[in-house]
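In the block that follows, a single chain appears as structure tokens, in the form predicted alone.
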């Protein structure tokens, strides 16, 4: 059960709407390395994890990603609030506006709707954790790119916070990977796979 606290994890207080900024930041709502994909990835990966500590890490990070999704949505809402159709058109958001007006629809900066193919779930502990480590770095790079293009301090502030949390998540998944390696057979990290013996009946694939 999740407990919802009715406030943002970090404040978002943007004074100047700007559809150009919204057009790029939306990628962290529904893009391939965005917060929605991250939350869904970790919430679904945790079910096949055999170790409680790692389940806890995945669940903690997933719930925080939902909080980040809410922050990104607040940023987008404040950046588009009160804009006229002319301002939307001038910013290049007219195609989005036709389909969604100023509603928040999870898509990438390129306009591609969020897709479940962004959500890597392999059911193999090491594969999934390495996927997660890469995902957090890709999200960090996306925030880096946003900061390169956005010059409003009111927007930069929460974006910097979100970027910093990606680094923390990367560290936590690094901890999870070390836990997994400690618990798995030190001579063969893949030996826990129930189908392994069928593939390599002699206990290894060096023959």
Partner chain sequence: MLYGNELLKEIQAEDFAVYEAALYLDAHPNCEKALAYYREHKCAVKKLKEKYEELYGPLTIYSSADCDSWQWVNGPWPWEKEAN
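Numbering follows the first chain given and starts at 1. Since the structure is predicted, the reported quantities are computational estimates derived from the model, not experimental observations.
The discussion below concerns the form predicted in complex with the partner chain, not included here.
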| property | result |
| --- | --- |
| Residue 57: touches the partner chain in the predicted bound form, heavy atom cutoff 4.5 angstroms | yes |
| Interface membership of residue 74, the partner chain in the predicted bound form, 4.5 Å heavy atom rule | yes |
| 4.5 angstroms heavy atom contact with the partner chain in the predicted bound form for residue 108 | no |
| The partner chain contact in the predicted bound form: residue 139, any heavy atom under 4.5 Å | no |
| Residues within stretch 33-66 having a non-hydrogen atom within 4.5 Å of the partner chain in the predicted bound form | 53, 56, 57, 60, 61, 63, 64 |
